[in-house]
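Below you'll find only one chain, the form predicted on its own, shown as structure tokens.
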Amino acid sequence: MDYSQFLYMKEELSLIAVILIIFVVDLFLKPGKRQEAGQARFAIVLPIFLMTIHTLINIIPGTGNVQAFGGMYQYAPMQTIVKAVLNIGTIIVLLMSSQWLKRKDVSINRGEYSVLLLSTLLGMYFMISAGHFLMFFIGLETASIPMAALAAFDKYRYESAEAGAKYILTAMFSSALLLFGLSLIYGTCGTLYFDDLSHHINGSMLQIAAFVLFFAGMGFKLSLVPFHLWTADVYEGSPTPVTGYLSVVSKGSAAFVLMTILIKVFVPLIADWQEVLFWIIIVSITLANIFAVRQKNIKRLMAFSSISQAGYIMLAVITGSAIGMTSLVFYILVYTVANLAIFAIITVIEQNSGKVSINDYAGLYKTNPKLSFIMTLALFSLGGIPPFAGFFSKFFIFMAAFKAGFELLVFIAVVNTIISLYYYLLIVKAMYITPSDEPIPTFKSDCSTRVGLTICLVGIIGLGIASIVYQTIYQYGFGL
């Protein structure tokens, strides 16, 4: 065996090193010292520092596509970009978790929280770089099982334990369906290598059934209708930082992997899976927006918002093109900074006031104007209002789908954007217009949360400006 092949996995090896360092440091910290302020800061800052270093040393893509271990591991420059986006999302989640981790009932498990969080990220790395369905499934389970522990991490709250139970049960059934689909693929094709499967897919009934089972398992990870029923309950019951991680990092990796597999493996069935996606996108966007309007709990509203956003992401997937892949990655990046900004604010408000209802946000502008301002910008970005980054991410997605011939689908998506803007503006209305006799009191966010919100704010505005510059240069050329 040529051990030099491991050098192709530098991103995975680097992340494993980060996990091991955090694990060993947490293992040797004396329990009596964990409650000390200095030890607490160290346990929170160390994962953020290590993840930042890990991201910086792996942020530059390599040149060309390579394979290792007989094709089970594959590398392409786009994968480095996707992993960097997931790293940024994870760092923001770690930043927004700091105040919650200082609580006495969860502080003893700070190290376990970071290890579980980064273990799920490692599983997503393996999914993204998989060239074989066995490696893909190992990565999928590595990402899913620790996620159930994270959902139930706030173990003294009944809702958190319930969220963990619901997630692991639904994840188990979805993984069983997906694994059954993979067994049918192997039975009909005799291989599980992505590069070989496209030559054996011929559209037989067993292969169609295999695709349906595979897509059902991936639909659960993406919270697409009708595989979404777990989403609202798990999002509401999980600790809010975990909810933010579920809604962004987990969803972004699953979307990229799904598009990669559809293009590499199921390309002979492109007409079939495009028709399936066509109806799944319509139902996901429409039903999610309708149910979001009815929500009073802001975490449940954001759960249905994430289902709707997954439908928009699938607009890039359905194109099956290079421009669709680029639009998908940019959409995930914009969605990451906008959505995590909202969840960071929800987290800090929940920790300081215990309130999670939309009505509780009435009068927030008077007591906490900065948080209200950032929340408004993030909601405008999710709603697709120019000149924020969310407008351009949706524009690129719509343009890719329109060029692929899905004009009707783009029209339906644009109409649903108006509906989504309505329930986003309900939160803005509560903060700025709705009066309240008992508004959320004035408080100061912790330093880590402020850093995380600053990153998100720079992303929302900076990516919007960069998109304007790109569009201007692309359209007019300026002699370039």
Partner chain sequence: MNLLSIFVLIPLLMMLGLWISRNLAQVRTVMVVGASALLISAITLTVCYLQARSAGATEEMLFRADIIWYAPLNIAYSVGVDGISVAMLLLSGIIVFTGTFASWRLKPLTKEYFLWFTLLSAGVFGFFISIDMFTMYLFYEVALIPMYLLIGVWGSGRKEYAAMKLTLMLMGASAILLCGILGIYFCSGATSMNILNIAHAHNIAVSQQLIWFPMTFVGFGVLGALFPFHTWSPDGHASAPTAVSMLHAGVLMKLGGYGCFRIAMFLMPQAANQLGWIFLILTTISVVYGALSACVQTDLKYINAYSSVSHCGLVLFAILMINQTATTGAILQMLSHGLMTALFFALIGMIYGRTHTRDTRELSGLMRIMPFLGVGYVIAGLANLGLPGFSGFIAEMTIFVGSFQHFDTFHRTITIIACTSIVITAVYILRLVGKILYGVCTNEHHLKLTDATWDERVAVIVLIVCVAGLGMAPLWISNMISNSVVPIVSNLTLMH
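Numbering follows the first chain given and starts at 1. Note that the coordinates shown come from a computational prediction; the quantities given were computed from them, not determined experimentally.
We do not show the form predicted in complex with its partner chain, though everything after this point is about it.
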Quick check: do 385, 398 and 428 each get a heavy atom within 4.5 Å of its partner chain in the predicted bound form? yes
Examine residue 296 and determine whether its closest non-hydrogen atom to its partner chain in the predicted bound form is within 4.5 angstroms. no
Taking the shortest heavy atom distance, is residue 227 within 4.5 Å of its partner chain in the predicted bound form? no
Although its partner chain is absent from this view, report whether residue 410 comes within 4.5 Å of it in the predicted bound form, heavy atoms only. yes
Contact flag, residue 464 vs its partner chain in the predicted bound form, heavy atom cut 4.5 Å: yes
From the list 193, 391, 291, 73, which entry has a heavy atom within 4.5 Å of its partner chain in the predicted bound form? 391
Which of these residues, 66, 433, 53, 45, gets a heavy atom within 4.5 Å of its partner chain in the predicted bound form? 433
If contact means any heavy atom within 4.5 Å, which of 165-173, 268-276, 347-355, 399-407 contacts its partner chain in the predicted bound form? 399-407
